[in-house]
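For reference, the chain that follows is the form predicted on its own, supplied as structure tokens.
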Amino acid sequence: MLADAVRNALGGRGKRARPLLAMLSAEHFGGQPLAALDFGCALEMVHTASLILDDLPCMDDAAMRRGQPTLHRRFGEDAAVLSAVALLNQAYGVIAEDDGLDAQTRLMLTGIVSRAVGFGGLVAGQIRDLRDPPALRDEASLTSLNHQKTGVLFVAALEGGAVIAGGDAAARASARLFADRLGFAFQLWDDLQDSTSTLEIMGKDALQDEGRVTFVTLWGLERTRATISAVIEEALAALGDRDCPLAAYALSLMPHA
């Protein structure tokens, strides 16, 4: 059953954005995109694990994900939790066993992913999203929360790609800044979709943020849309090339933003 649940979670409809960003980042910074394929797959495992956990009844209690019932509704909460644990551990194994990369690069990538997941990343973002009182949801705290919920894996993908390409400190800094701005814009766009779109279009539950303070409730729809455009411009400026494949793909993640 565990293998079926994991296969079902990984094979569902999804953008596979993080693997593609990692590969495009490797290419952008002078490397081969296929060199980042295993790393990108590891990031997809981490991302999928985080979605499985976020959807659990004790967290967001979601019914739909990627166009089908959430994993715990199909396989049970026990299988869902264990699938997430298995995926997280397998992700580190994929990086460790990538014989296309030297040991130092694999070690750096492991550190990047660990920081994205742990106390300053996805886990911290989810507990804050569940437990932070409305009084703490001002612009500054929401910005840091959005970074932990979404930005950290974008940063991992982009910085990891730069590392795989052999990029220097300046390249890695550019990748991180681009990813930070892209992640912020993407989370704003996702919040906007949650407020205005439908299950049929998104493939997941709409109005999941109802009752929570988000930038949409704080700013309203128009200011949120305007901010998305402004942040995208900041991301492109950090990258320094708005016509490259990496920029084009990043923009495609937020249609009609």
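Keep in mind it's a predicted model, so treat the numbers as computed, not measured. Counting begins at 1, following the sequence as shown.
What comes next is about the form predicted in complex with geranylgeranyl diphosphate, which is not displayed.
Checked against geranylgeranyl diphosphate in the predicted complex, the residues A86, V123, L177, V94 give one hit for a heavy atom within 4.5 Å, which is V123. The contact residue chosen from K149, R106, R181, H72 relative to geranylgeranyl diphosphate in the predicted complex is K149, the criterion being a non-hydrogen atom within 4.5 angstroms. Every residue in the set G14, A49 and M59 has a non-hydrogen atom no more than 4.5 Å from geranylgeranyl diphosphate in the predicted complex. Interface residue remark: L53 is counted as part of the site for geranylgeranyl diphosphate in the predicted complex, having a heavy atom within 4.5 Å. Mapping the unseen interface onto this chain, R225 falls outside it, with no heavy atom inside 4.5 Å of geranylgeranyl diphosphate in the predicted complex.
Within 4.5 Å of any heavy atom of geranylgeranyl diphosphate in the predicted complex lies no heavy atom of D38. Heavy atoms of V117 reach within 4.5 Å of geranylgeranyl diphosphate in the predicted complex, making it an interface residue. Annotated contact segment (heavy atom within 4.5 Å of geranylgeranyl diphosphate in the predicted complex): 186 to 194, selected among 186 to 194, 25 to 33, 214 to 222, 227 to 235.
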